[in-house]
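Encoded as structure tokens, the following chain is the form predicted on its own, with no partner shown.
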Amino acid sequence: MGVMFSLLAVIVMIILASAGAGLIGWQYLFAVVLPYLAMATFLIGVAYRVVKWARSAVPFRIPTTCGQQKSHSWIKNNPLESPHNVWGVLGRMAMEVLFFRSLFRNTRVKVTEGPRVLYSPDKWLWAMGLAFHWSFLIIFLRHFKYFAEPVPAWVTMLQELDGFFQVGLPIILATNIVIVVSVTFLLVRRLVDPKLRYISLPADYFPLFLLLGIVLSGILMRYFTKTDLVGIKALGTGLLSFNPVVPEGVSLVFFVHLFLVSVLLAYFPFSKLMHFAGVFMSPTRNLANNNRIRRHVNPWNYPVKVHTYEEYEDEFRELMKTAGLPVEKEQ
């Protein structure tokens, strides 16, 4: 049910963009108004979520660790798995963000004859997740050529590296193939595995279908249909300078592509995709495990009036002696 709902939602969006920009002629709406609204929603939504997370109370040190904590000098600690200072935390976060270190340890479980429960490493999820995120980042950076004039040198270099394995014209970019394969794997994995299919919601399928729609419409424009790149760049630079002009003769596929991107931007702050910012705000990742080095006191603790034993004995000493109870001081 969740699969069909998500797929149907993306198909309806494609039809809306095709009909709106093609038949009705609302090209200014789909090329200018909706992208601006989507970008504003994205920026405000992301800022709201990040500020809300930043204001959350984190009174205790709760980092997740997989290694020996720093304690005595003769015990070897693991600075990445159990960081005790800022540099350790930065190294751990870099490994997590750039290489998905925790996902690399992902395991899967299955019941075989016997019955026996078997655990085995599941590196495909890690490899495809890493391939998707890196290819998505490179494609995102490559698109700067449509918003900047002249095109920055690093964008040109990035595109040349992406098309290093040149096959025909236009050049087949490696990231275009990698992102299709990786997103398809993530989608098929949810559909094939009964356990994952049981716990999957429309919010799990919808981003995958939406990303596939964006990628496939982009590939369709680049390799199979005629696209006015000069007009698209004029629109992109106009949007960035807040002086947009919708060029004539831009293909309908472009409007579909741009509308799906706008939907992704507006949907981003309210979805699981916000993990891109959440990983930096997670106290299980961004805190140092120095509980044996420093005493951490909850800053929100209210002052408590303490009645020590010495004060207690001073108050009830004579009564305690009368009752035959031992006392530490006679007077």
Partner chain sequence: MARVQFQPRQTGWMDPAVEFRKGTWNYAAVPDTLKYLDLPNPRRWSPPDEDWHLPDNWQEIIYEGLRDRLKKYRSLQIFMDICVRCGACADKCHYFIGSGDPKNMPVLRAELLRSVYRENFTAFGKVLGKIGGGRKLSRQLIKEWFFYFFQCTECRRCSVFCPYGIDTAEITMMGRELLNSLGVSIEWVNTPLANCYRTGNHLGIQPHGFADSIQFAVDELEEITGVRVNTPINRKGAEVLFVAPSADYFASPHYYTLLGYLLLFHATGIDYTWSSYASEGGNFGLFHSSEMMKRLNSKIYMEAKRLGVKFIIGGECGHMWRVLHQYMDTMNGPADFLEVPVSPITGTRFENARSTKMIHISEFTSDLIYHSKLRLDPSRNDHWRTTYHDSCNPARAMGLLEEPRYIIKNVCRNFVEMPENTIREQTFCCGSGSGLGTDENMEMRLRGGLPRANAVKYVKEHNDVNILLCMCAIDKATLPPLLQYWVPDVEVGGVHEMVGNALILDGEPVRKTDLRGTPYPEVVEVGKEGAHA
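Only the largest set of C-alpha atoms that superpose within 1.5 Å between the two forms is called the rigid core. Numbering follows the first chain given and starts at 1. As the structure is a computational prediction, the values presented were derived from the model and not from experiment.
Just so you know, the form predicted in complex with the partner chain exists too; it's not on screen, but the next bit is about it.
Partner contact for residue 71 in the predicted bound form: the partner chain, 4.5 angstroms, heavy atom: Judged by the heavy-atom cut-off of 4.5 Å, residue 71 is in contact with the partner chain in the predicted bound form.
Touches the partner chain in the predicted bound form: residue 63 (any heavy atom, 4.5 Å): Contact with the partner chain, yes.
Any non-hydrogen atom of residue 30 within 4.5 angstroms of the partner chain in the predicted bound form: Taking the distances in the predicted bound form, the answer for residue 30 is no, it never comes within 4.5 Å of the partner chain.
Residue 143: touches the partner chain in the predicted bound form, heavy atom cutoff 4.5 angstroms: Answer no; every heavy atom of residue 143 is more than 4.5 Å from the partner chain in the predicted bound form.
Heavy atom within 4.5 Å of the partner chain in the predicted bound form - residue from 82, 175, 159, 251: By the 4.5 Å criterion, the partner-contacting residue is 82.
Contact stretch among 222 to 230, 188 to 196, 236 to 244, 144 to 152 - heavy atom within 4.5 Å of the partner chain in the predicted bound form: Stretch with heavy atoms near the partner: 188 to 196.
Residues of stretch 94 to 119 in contact with the partner chain in the predicted bound form (4.5 Å, non-hydrogen atom): Result: 96, 102, 103, 105, 106, 107, 108, 109, 111, 113, 115, 116, 117, 119.
Exceeds or equals 2 Å, Cα of residue 325 between this form and the one not shown, core fit: Passes the 2 Å threshold, so yes.
Core-aligned CA displacement of residue 125 at least 2 Å between this form and the one not shown: Not so; residue 125 is displaced by less than 2 Å.
Core-superposed comparison between this form and the one not shown, residue 115 Cα displacement 2 Å or beyond: After core superposition, the displacement of the residue 115 C-alpha between this form and the one not shown reaches the 2 Å mark, so yes.
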